[in-house]
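Take a look at this single chain, the form predicted alone, given in structure tokens.
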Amino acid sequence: MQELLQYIFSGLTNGAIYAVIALGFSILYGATRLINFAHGEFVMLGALGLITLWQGLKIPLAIALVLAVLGVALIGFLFERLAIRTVSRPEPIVLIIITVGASIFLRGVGMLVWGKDAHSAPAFFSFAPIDVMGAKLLAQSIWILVVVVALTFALHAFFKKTLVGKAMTAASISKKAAWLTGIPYEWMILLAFVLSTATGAVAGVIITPITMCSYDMGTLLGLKGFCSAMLGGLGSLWGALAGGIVLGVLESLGAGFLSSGYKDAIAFGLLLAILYIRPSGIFGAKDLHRF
């Protein structure tokens, strides 16, 4: 039981991080029907940006957290304005190729700025681990779970309760209808990019105390987040949360009871299975239509 609980605790921590990354995919897809394959690099920028601000420039942690997220959101703003908005023929495949190119570009920038060495940061909290039937639950893990759940509730309230959030949802349903009702469609797209990249930065800053961070960390994290979003239902906030937790726990159990070599294979095997059995994901609509 102790061993099982320890694997579950580890899986919940990793799954929460995957869930935050999946939230970014779902926000952007829900508003634009676009999948940003550079999303993992925004996670990387958030993590290394926090380390630079906090450990390098000695800025207080709370301020460094806010600056790191805002800085990445600004990069997302520039990405949409300079790389996405300027496309003359914004077809889905063209935009996806642009995001792949942006991923390569940002990874190269990360290597030039931070080098090829891995970087780390100390734990945010110095509290002793909580003992649960012999298994240890770190304070950092609890904080990550709280942040993820709070972020999901906040985004849900934003899209369901605020006028701007409802406008974003309406714009995603019909561009023409949005213009007819006075909704600035292009600004809704821009806001979706900013929210998505800021969410990726949140994933980056919460991961810094529990793993080594490097310029190429975003590739695998982005793919795991995409798997989580597909598992839960791309475009669904609660699906992203559920998909991330399920993926993290299954990965941890597979690595613990089978072999650590199967950890990544489990994620992509699960993605293939969900695409074959239920392409819409756990919380997605059952019937898919092409227009």
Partner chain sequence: MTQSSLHETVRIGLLTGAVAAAGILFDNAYHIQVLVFIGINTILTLGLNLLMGYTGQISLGHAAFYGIGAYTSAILTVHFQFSPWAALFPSLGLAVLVALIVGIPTLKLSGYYLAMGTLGFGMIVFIVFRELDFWTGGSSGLAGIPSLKIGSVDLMSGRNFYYLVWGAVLGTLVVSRRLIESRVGRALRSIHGSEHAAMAIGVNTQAYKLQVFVFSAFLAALAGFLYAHCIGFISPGSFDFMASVRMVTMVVIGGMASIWGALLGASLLTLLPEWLHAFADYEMIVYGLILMLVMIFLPQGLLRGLLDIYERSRNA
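Residue numbers count along the first chain shown, from 1. Every value quoted in this text rests on a predicted model; they were computed, and no experiment measured them.
The same protein has a further form, the form predicted together with the partner chain, not shown here; the description that follows concerns it.
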item: Listed range touching the partner chain, judged in the model of the complex by heavy atoms within 4.5 Å, from 260 to 268, 65 to 73, 243 to 251, 44 to 52; value: 260 to 268
item: Interface membership of K136, the partner chain in the model of the complex, 4.5 Å heavy atom rule; value: no
item: Touches the partner chain in the model of the complex: P184 (any heavy atom, 4.5 Å); value: no
item: 4.5 Å heavy atom contact, P92 and the partner chain in the model of the complex; value: yes
item: L237, heavy atom within 4.5 angstroms of the partner chain in the model of the complex; value: no
item: Partner-contacting position among F153, F105, W179, F125 - heavy atom within 4.5 Å of the partner chain in the model of the complex; value: F105
item: Answer option from I97, A118, I130, V164, heavy atom within 4.5 Å of the partner chain in the model of the complex; value: I97
item: Sequence-ordered residues of 199 to 219 touching the partner chain in the model of the complex, heavy atom within 4.5 Å; value: Y215, T219
